[in-house]
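Only one chain is given next, in structure tokens, and it is the form predicted on its own.
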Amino acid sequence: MDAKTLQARLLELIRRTSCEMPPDMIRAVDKAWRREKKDTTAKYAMGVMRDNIKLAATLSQPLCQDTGTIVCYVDRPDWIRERVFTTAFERAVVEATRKGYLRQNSVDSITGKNSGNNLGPGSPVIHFHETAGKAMTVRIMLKGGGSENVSTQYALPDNRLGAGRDLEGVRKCVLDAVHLAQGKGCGPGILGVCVGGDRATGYVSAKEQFFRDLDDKNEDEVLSKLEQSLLADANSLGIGPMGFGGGTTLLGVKLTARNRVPASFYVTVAYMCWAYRRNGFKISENGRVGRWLYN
């Protein structure tokens, strides 16, 4: 596959991610809209989200003005080098910014200057993993700043919450994060939660949960039950979409666990806004897209 073909495929991936909501999220938003009571602000808010989703796809315009941090995961086979992929992806990002699929979002933290093309130290974020397969798998998410601002991390035990080093302590941390985020983060939200790990891997692992389907079932039975109970508990708080009240505070909770050292017990909560932008594809060495991952 030549560089121009790869760049074109990646540009289309960025466009779809920015402008088209994945089907599992469309179903979740529709279900939430039907669930909210007639003539309430919550019903109205969910209706605006439904309209926004349709318009963005029709007009090929971003679902949200904040196209967020660009996070890319690549399962890389032997036929492509990291440097080659990175160059093609960065060129696709520049073109997507020029076309308006991405907002000019990369700001120098020291000078405050915007690069204007979404490139700079740490921007975009690319994670590479080797794969023995023949196809390359590319997944991206666009993580908005509002939802990132209400992501958080706890260290157990937490005396303020009365949370110990157990799953009940984890539950208290997650519900506290939901309570603190109310009215912020552009809810209804989706949570990615990592139990354990260190401070850095906790955030990475929590955010990786956003690549899961909303409708999937955790392979760990304990975590699966906790996901379901946390979703029900959060939606019983009455916070509702955008903090307007109602029964849809969260659309999903996804948990994972990582081993920890005895001295530390972290609970990391990554928050995703309702504009749940993630997509991906499998692409062969000849440039053929074999499968879109979230269709």
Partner chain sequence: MLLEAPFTEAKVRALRVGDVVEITGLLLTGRDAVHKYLHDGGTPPVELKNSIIYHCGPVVVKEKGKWVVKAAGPTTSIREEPYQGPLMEQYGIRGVIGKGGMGPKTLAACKKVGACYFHAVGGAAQVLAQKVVRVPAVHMLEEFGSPEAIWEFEVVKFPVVVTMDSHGDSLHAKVEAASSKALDRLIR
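Positions refer to the first chain, counted from 1. Source: prediction; values computed, not measured.
The form predicted together with its partner chain exists for this protein as well; it is not shown, and the discussion that follows is about that form.
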Listed residue that, although its partner chain is not shown, lies within 4.5 Å of it in the model of the complex (heavy atoms), from Val204, Ile80, Leu119, Leu161: Leu161
Here the chain is shown alone; which of Asn218, Ser123, Ser151, Gln182 has a heavy atom within 4.5 Å of its partner chain in the model of the complex? Gln182
Listed range touching its partner chain, judged in the model of the complex by heavy atoms within 4.5 Å, from 170 to 178, 220 to 228, 81 to 89, 123 to 131: 170 to 178
With the cut-off set at 4.5 Å between non-hydrogen atoms, does Asn259 touch its partner chain in the model of the complex? no
Verify the contact flag for Val29: yes if a non-hydrogen atom of it lies within 4.5 Å of a non-hydrogen atom of its partner chain in the model of the complex, no if not. no
Answer yes if any heavy atom of Gly146 is within 4.5 Å of a heavy atom of its partner chain in the model of the complex; otherwise answer no. yes
In the model of the complex, is there a heavy atom of its partner chain that lies within 4.5 Å of any heavy atom of Ala270, even though the partner is absent here? no
Heavy atom of each of Thr69, Asp108 and Glu285 within 4.5 Å of its partner chain in the model of the complex: no
Using the arrangement in the model of the complex, list in sequence order the residues of 187 to 225 with any heavy atom within 4.5 angstroms of its partner chain. none
